[in-house]
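First comes one chain, alone, set out as structure tokens in the form predicted on its own.
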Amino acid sequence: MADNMVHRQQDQEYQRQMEAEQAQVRHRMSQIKHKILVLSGKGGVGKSTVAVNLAISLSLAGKRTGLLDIDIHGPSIPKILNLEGRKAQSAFDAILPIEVGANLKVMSIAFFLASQDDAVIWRGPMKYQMIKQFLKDVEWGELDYLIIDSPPGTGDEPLSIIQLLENADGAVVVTTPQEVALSDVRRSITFCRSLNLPVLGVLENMSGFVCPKCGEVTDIFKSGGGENMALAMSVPFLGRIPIDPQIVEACDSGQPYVDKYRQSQAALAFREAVTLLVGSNSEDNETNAGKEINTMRIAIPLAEGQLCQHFGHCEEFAIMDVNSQENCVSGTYREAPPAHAPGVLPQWLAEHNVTIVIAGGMGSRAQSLFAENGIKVVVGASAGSPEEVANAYLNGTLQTGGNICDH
């Protein structure tokens, strides 16, 4: 009986300690307006490089920014920022982050290691405690953004940080164009959704090679895979970052790429991604902060690249994402439909998250099936390229005639 009472008291004390620590986390994080994770489904996609350059881009834009490296086993942020050998300092029971310039504060486990060659051999519980300490004991102060560089995959570190933050704005998922990376990214997006963490966007890294002599971009792997995957999974696409040898040079020398090469194509792509992120977290539009960009999806049946007048006889569909806030097409991909049979196309397009179908003609039965799947149908449109048809619809200038295929 006495042993049971002691165990209950210990459990209660442990619970009180956990609640007190979580309250400390909430207090620290309440001073930070936006918390964004940078994730990837696999290693080798340049995730840490992306995290650093996003943070630097935000700081150069005048945003007070923090950069937290929670890659416990392979911290690379200090190397990229030329902070190797720096040690964390403390004051008034708080850990002080390393400051870089006027608007950037950085924290990494590397600042606690005796040598940069030391290996951290920890299991999950110790990593969880370290990440909690980063949140509750680091004196971040008031920040506009905290960018969190997480190790690849869906393991202890990203799970811990999401649970500890409780209300992160969302995640930026980094991929490369190859299918082997894209399949892992799909799992990362599913991971985020299972934890109710919004996906703020997908960024396609290593998308094309920038020639150091002429500046021409060549798709040495392939391009567009990240955008098509983002469209298929209904998440925003933040852009493509080309391979630039100067990125490697900058990382090895510890000079932030977007600061050193501000007018390069990759630096401009980073700034565009930041513009989209800042826009989706704008304080002028708090209802959209931390949410996925609102999109509609239009499907247009095609024959020989033009709108097909007979819906059921099309060769392929142009599937177009529309940013509803900007009222413009944000991305397009084409896909061949399954074999035509009653009821197949409405279900197939619904699975592709299509919300509007624009066609020349369509039978009344097909229209009713689309309605049952929550898809609006516009018929009577004239032939034209999918871009012309979609833009005319969005601008309110699409001219429609009679339904030429009402059977």
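Heads up: residue numbers just count along the shown sequence, starting at 1. Being a predicted model, the structure only gives us computed values, none of them experimental.
Only in words, not in the display: the form predicted together with a small molecule, which the text now covers.
Within this chain, Ser264 is remote from the site of the small molecule in the predicted complex, having no heavy atom within 4.5 Å. A residue is said to contact a partner when one of its heavy atoms sits within 4.5 Å of a partner heavy atom; Asn205 meets this definition for the small molecule in the predicted complex.
A residue is said to contact a partner when one of its heavy atoms sits within 4.5 Å of a partner heavy atom; Gly46 meets this definition for the small molecule in the predicted complex.
Taking the partner from elsewhere, Asp169 is found to have every heavy atom lying beyond 4.5 Å of the small molecule in the predicted complex.
Heavy atoms within 4.5 Å of the small molecule in the predicted complex are found in one stretch of 153-161, 297-305, 235-243, 139-147, which is 235-243. Of the residues Thr332, Asn82, Asn103, Ser76, just one reaches the small molecule in the predicted complex with a heavy atom at 4.5 Å or closer; this is Ser76. Residue in contact with the small molecule in the predicted complex (any heavy atom within 4.5 Å), chosen from Val322, Ala318, Ile109, Ile247: Ile247.
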